[in-house]
Ligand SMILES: NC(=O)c1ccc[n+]([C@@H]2O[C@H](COP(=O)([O-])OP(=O)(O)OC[C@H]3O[C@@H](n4cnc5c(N)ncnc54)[C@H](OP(=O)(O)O)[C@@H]3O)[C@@H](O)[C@H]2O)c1
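To begin, one chain is listed below as structure tokens, in the form predicted on its own.
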Amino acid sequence: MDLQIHGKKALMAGGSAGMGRATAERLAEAGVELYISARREERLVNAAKDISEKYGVSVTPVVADSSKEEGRQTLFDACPDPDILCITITPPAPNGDYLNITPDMWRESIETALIGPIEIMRNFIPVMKNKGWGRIVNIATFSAKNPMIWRLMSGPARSALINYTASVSRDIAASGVNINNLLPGMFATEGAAEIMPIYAEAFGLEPTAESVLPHFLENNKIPAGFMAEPDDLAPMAALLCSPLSRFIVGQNIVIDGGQHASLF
């Protein structure tokens, strides 16, 4: 399918690994000029090089922490006028006992998963409106709609994010700028692998795959029967970044193998 975005400029915030990288690859495959950001410089630079060589497009790595004001400014300076903006963040650690969650933990969650994406969007929306076209996609989490006790550091901040984007997207849609959110369920990513030892500690398990995975899958029943790979989400993200999604406005699309049992 021709996504009709060849030659456009795309910024993938959080694009060095996982669903962010898979989305960056799909955008590169469609022929965009790509900017990808992340905090870990070596992994980011390697990802940019690999994507550029694979798809023959310009890929600029931007080392930045988008949860921090200075990191966001680095993004704005590196790519001041994108046509396409995708945002994802490193998943927060499982919280364990909710009674042990402190105000500082809430503040960190909100800074990373709510204020960071909002401030990036707030910077680029006027640019896109002036162009008369733009696409914004947040890769969030299905726990924004599906409350999970062990994902309290992840779900509530993203629930606020999708509330925000539902309002803003309808205000700017007539300008040719669309915002939509993807809400992934359980994906086998580098970030997920990194939090598994924390998950084990939170639930008193041995930090081994034999101990963690059965517990994880038992408590997170997935009708499809498996954890997804990043490219199970990336094609939908790329579609939402294209002119083909012009009538999709302010939506929250769950990609979770059927885990969230809801009609809406």
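Residues carry their position along the shown sequence, with the first being 1. Owing to the predicted nature of the structure, the values given are computational and were not obtained by experimental measurement.
Keep in mind the form predicted together with the named molecule is missing from the figure; the text below concerns it.
Though the named molecule is absent from this view, in the model of the complex it lies within 4.5 Å of a heavy atom of just one residue from A160, A166, A192, I115, which is A192. Within this chain, A38 lines the site of the named molecule in the model of the complex, having a heavy atom no more than 4.5 Å away. For G185, a non-hydrogen atom is located within 4.5 Å of the named molecule in the model of the complex, even though that partner is not displayed.
Residue contact with the named molecule in the model of the complex: E229 places no heavy atom within 4.5 Å of it. In the model of the complex, at least one heavy atom of A17 sits within 4.5 Å of the named molecule.
Only one segment in the set 59-67, 235-243, 199-207, 25-33 has any non-hydrogen atom within 4.5 angstroms of the named molecule in the model of the complex, and it is 59-67. Looking at 67-94, the residues that come within 4.5 Å of the named molecule in the model of the complex, counting any heavy atom, are S67, T88, I89, T90, P91.
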